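One chain is shown next in structure tokens, namely the form predicted on its own.
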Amino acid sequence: MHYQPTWESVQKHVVPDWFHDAKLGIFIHWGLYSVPAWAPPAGELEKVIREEGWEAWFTRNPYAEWYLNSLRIPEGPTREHHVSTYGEDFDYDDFVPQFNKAVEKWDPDEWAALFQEVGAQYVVLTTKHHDGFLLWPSRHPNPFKEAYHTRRDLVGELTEAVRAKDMRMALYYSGGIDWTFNDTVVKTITDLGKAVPQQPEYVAYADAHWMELIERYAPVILWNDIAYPAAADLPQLFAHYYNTVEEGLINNRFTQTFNMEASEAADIMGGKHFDFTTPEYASYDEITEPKWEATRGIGFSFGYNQNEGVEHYLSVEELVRSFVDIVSKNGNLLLNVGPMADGTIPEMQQERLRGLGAWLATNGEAIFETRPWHVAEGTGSGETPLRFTQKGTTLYVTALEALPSGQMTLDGLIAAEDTEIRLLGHPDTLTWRQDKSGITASVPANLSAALSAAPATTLAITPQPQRQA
């Protein structure tokens, strides 16, 4: 349909099937903050805020991409690190030539090949983070800082490489925070709302950037962050975008509010119109509408943080099991990588990505192009946690651990006589029986080493069973 620049019109937009099918996206936080690449690894967003509050979070912010804000908090560890490492007079802008020099080594095709290997269906790049630095040479340069952008068109080069590997390209833009227009130091959640620039010059600047990004790169998602100036005509922007990019989507962070309790910190729902919500370092407990996308780093930070070690990173097992849980509840996972300044993706991050990709190579049938079932969760033999997805006439039952050889009862399920049960990654169908507690499948003893050690294993049941009343 052709959209009009009104809330009533854009609210008729329907999430396209590709986003329901995609399940896995790669988020990339890369910018000037990738040069110092430093933050205290204080913990995950939701946990720190719940236990210590917002002020503790901002003072010891583990998000390395917030380096500029953190170094302006005198009592914080980032300020102490910056002065001892670079000196009192070293300005954040002095990282610009260092970053532009470093990215000369970057090969976008290497990134695209890795993301394709993992099984990602779309990629989201930060075109401008809160520091205001642009990853493309815009026709609308920063009015306060000369040449405050990359010499290379990192946005365009990655877009081309990603699409060449048959993935979709989406773009992040910090519409709500730009410290070159509003240098409010964020120490509390109230400060976050005050830091959103509201002057007409910024409205025109941010709108011009979004229009330019749409025109030049046609991103499949407008992934905005931390609100947008109140005077902006968002229905006009949204209608133009939907009319230009046929299968495009808009996230829920254009119209955020900041008067929420700490428990709501990772679940900012947005305002008048969005296509999907974006819980951060969090998930939902049940199947949830509208469509949603969980976003998180492999460690505690989105931007590369040199202080993070293996103890701060998700294991492959934790990553796979979290991903399965998210998909079972109508979510996608937007998993972040934080490259070094020269574009190198740290080896520990690559290991996690490849571990997830290896699991998907066997079990992707139960993930991609699926939909939630009647319920998301169940149990096997009374204690093994299960997650359900469906596609066509098949129910996929994923055990959030390796299946032991012997027997597994899928509690509360009732199968038809002609039911076939497969173990993904195993060549033979399984024998099974129905009893009053559920479907009991025989798990063969001769499983491959990979299946025996898998972080999760999946049974495919055709036709779909019923649930006990």
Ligand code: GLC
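None of the values given here were measured: they were computed from a predicted structure. The first residue of the shown sequence is 1; numbering continues from there.
The same protein also exists as the form predicted in complex with the ligand; that form is not shown, yet it is the one meant from here on.
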Exercise: T255 in contact with the ligand in the model of the complex, heavy atom 4.5 Å: no
The ligand contact at I226 in the model of the complex, heavy atom, 4.5 Å: yes
The ligand contact at R387 in the model of the complex, heavy atom, 4.5 Å: no
Contact of E280 with the ligand in the model of the complex (heavy atom, 4.5 Å): yes
Interface stretch in the model of the complex with the ligand - options 145 to 153, 129 to 137, 72 to 80, 282 to 290, non-hydrogen atom within 4.5 Å: 129 to 137
Among the candidates N363, T295, Q349, T180, the residue which, in the model of the complex, approaches the ligand to within 4.5 Å (heavy atoms): T295
Contact assignment for the ligand in the model of the complex, among W111, Y304, Y172, F323, heavy atom within 4.5 Å: Y172
Within 4.5 Å of the ligand in the model of the complex: residues from 9 to 29 (heavy atom criterion): F27, H29
